[in-house]
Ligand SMILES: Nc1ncnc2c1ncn2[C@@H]1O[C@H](COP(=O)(O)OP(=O)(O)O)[C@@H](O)[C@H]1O
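Okay, so here's just one chain, in structure tokens, the form predicted alone.
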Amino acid sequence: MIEYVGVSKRFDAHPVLDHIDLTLKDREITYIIGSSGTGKSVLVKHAVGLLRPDAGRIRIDGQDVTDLNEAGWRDIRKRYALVFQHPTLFDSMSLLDNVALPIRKHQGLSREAARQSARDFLERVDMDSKADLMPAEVGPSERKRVAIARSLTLSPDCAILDEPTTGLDIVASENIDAMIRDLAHRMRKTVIVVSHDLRSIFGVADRIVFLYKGRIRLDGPPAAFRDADDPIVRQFVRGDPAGPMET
């Protein structure tokens, strides 16, 4: 469980988060949504210590982690699988060896033992049949799957995915959506997704948190967004380029 208590963050004179109070629960698929620049990625980076709040507190499973140093964050970060919008794989290594690398580093296994374990992780994301290919030989959605498999090697409790379907076609996006559901339901992970892909949001989310001008405008299940009377929320759902959101 991740708790934000009165969290604020600004960059220079620009406020990005404004007194956020939010609790992200275990075993839920939570989508953090909003227009560009509303603080979605900034919010999740606070949960893993990549950013620190200017005001407010961050608690993880009841522990106040706001003032932890890098050494203190190290063990906490092992509980998270953090996959950015543009995942980086080593181009000179096969998909299998990309996943095996952190296994060898953190578990001290031999190369062959680490590769066997890596195959198991690739199987979880339906990429075991392409294990021996190089990153350049597979598509962007497949590279994202491999990046997620690699992040799962430390057995994290929570997966944080930043724009996992951006730039993908419908079929690839649906494959990523299925994997997100699998992470939550079969692997029993907490999943936090930063996204603006409405098709994925309404098809996958248990809960949606809508940020607007640094604050939480609406927090609830997908039905609450479909039925919302708030003109700001309705404009976002419709995808209108102009209107109240620009005022």
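All residue numbers are counted from 1 along the displayed sequence. Since the model is a prediction, treat every value here as computed from it, not as a measurement.
What comes next is about the form predicted together with the named molecule, which does not appear here.
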property: Candidate from H14, R238, K25, R226 lying within 4.5 Å of the named molecule in the predicted bound form - any heavy atom; result: H14
property: Exercise: V42 in contact with the named molecule in the predicted bound form, heavy atom 4.5 Å; result: yes
property: S200: touches the named molecule in the predicted bound form, heavy atom cutoff 4.5 angstroms; result: no
property: Contact flag, T30 vs the named molecule in the predicted bound form, heavy atom cut 4.5 Å; result: no
property: The named molecule contact at S36 in the predicted bound form, heavy atom, 4.5 Å; result: yes
